[in-house]
Ligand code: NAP
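Single chain ahead, by itself, as structure tokens, in the form predicted on its own.
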Amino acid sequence: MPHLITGTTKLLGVIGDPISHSLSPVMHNAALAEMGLDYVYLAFPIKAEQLKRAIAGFAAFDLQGFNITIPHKQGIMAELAEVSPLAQSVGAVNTVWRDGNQWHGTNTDVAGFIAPLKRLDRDWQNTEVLCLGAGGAARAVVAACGELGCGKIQVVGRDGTKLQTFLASWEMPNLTVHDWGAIDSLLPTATLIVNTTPIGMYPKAEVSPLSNEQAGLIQGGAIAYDLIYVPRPTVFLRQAAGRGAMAIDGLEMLVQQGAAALRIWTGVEAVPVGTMMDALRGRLGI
């Protein structure tokens, strides 16, 4: 039965640019309905230059909390009264809530990313990570791989200054950064390859961060993990699967980080994770 929206319904949401592809409203509204809570979750398209004004507007109409996706996970931090120690160490926020008249933020992406990996029987100490991209999502991946105990973590990006800033912000001797052109030399030995870039995301879905020649360097038995969940699978994951790699998309990460956010916003621990996943699978027809 659809949730009845009334004059007392509280608002939650997600901000990003682009955001029209987001499936967060599908899973969150399904969970809120099952929990019997008078909330509705919406997607808000916010450009980087609009962020400060948008946050002020959210306070004005009493938004209770929101998620953050590309490109705001780092920019949002300057607009918050308090950032959790985890989010500070990651350097990115993906979940915000209100406490009185102040906004607070944390990062639930780390727990979301790591969830499907923890079920695998892998020697993480001997795992060589190749992270494509050096933005906010990459920071959550690096933190998660550090938590797993991965032996070698390599991050590639296109902006040399940004890469050095990225490296300097961690105290991880097993972390190195490389120019994007180093991908060819890093792929043959990488055993966990993670795409944190928006390359391959709807609406530009028929592209990959790797050329076909580069994808041919992926070793069989590696794990290819794409944080993108629309389309499903991405071109990158199709390339990797064709090489015999295990493909993981961003769907479970989306659900797990979303469930953690719902616990923060509502104070209810028993979030129906299965309902959230079923709602997403139903929308995607899988």
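Start at 1 with the first residue shown and count on from there. Just so it is clear, the structure is predicted and the values come from calculations on it, not from any experiment.
Omitted from view is the form predicted in complex with this ligand, to which the following refers.
- Of the residues D123, D159, D184, E147, just one reaches this ligand in the predicted complex with a heavy atom at 4.5 Å or closer; this is D159.
- This ligand in the predicted complex is not approached by P71, whose heavy atoms all lie more than 4.5 angstroms from it.
- Shown alone here, L63 lies farther than 4.5 Å from this ligand in the predicted complex, counting heavy atoms only.
- In the predicted complex, this ligand lies farther than 4.5 Å from every heavy atom of A190.
- When contacts are judged by a 4.5 Å heavy atom cut-off, I218 does not count as touching this ligand in the predicted complex.
- Heavy atoms within 4.5 Å of this ligand in the predicted complex are found in exactly one of 50 to 58, 253 to 261, 231 to 239, 35 to 43, that being 253 to 261.
- Along 192 to 224, these residues reach a heavy atom to within 4.5 Å of this ligand in the predicted complex: T196, T197, P198, I199, M201.
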